[in-house]
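Only one chain is given next, in structure tokens, and it is the form predicted alone.
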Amino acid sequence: MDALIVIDMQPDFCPGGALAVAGGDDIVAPINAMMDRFGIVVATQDWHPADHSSFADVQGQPPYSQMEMPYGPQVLWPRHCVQGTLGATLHPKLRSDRADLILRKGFRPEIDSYSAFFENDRVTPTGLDGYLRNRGVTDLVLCGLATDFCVAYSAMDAAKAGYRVRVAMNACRAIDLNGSLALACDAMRASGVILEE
């Protein structure tokens, strides 16, 4: 059984959004077209409280700087995907009615969550693994935003958990912060993730 995992297709990550990824809107149509090929579709949402510790303004630091958190280094992001705002909803053109599960992550104020499987402490689970195993899923295809952060972390965690994992690169877009895209692609390949063009 295979599943499509659609990562963080939200207005705040698309052009005009608070943390816009170049070309973010361009992948909605390819993702929608992929959905009918899968028996199970999961969509994730970044879902931050207004005082989230990963927000640069909460820390009084410039956006995209880094600070050490109890769980390790953390990029400080512009305020984005705040719970209950339009920017945090799923993209209006995404076929969200096809999602069997919508998983919200990053809702704990003290810890960020790039991966759909674990918080950034690498030990606190989101519950996605249990859901997929209960549905008999063995193979995953990931797509969405952004390739070099939430997609990559999710893909590597999925591979570590024993799933066969592919990333549909044509249905992803990257932030590419200081070369982060190349580093993420190398790390995904090293984890056994297949990158499909």
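Not measured: the values here are computed from a predicted model. Just count from 1 along the sequence shown to find any residue number.
What comes next is about the form predicted together with a small molecule, which does not appear here.
Looking at the small molecule in the predicted bound form, residues 77, 146 and 175 each place a heavy atom within 4.5 Å of it. Of the listed positions (142, 31, 158, 150), a single one reaches within 4.5 angstroms of the small molecule by any non-hydrogen atom in the predicted bound form, namely 150. Listed stretches are 22 to 30, 41 to 49, 162 to 170, 132 to 140; the contact stretch with the small molecule in the predicted bound form is 41 to 49, by a heavy atom cutoff of 4.5 Å. Although the partner is absent here, residue 117 is not a contact residue: none of its heavy atoms lies within 4.5 angstroms of the small molecule in the predicted bound form.
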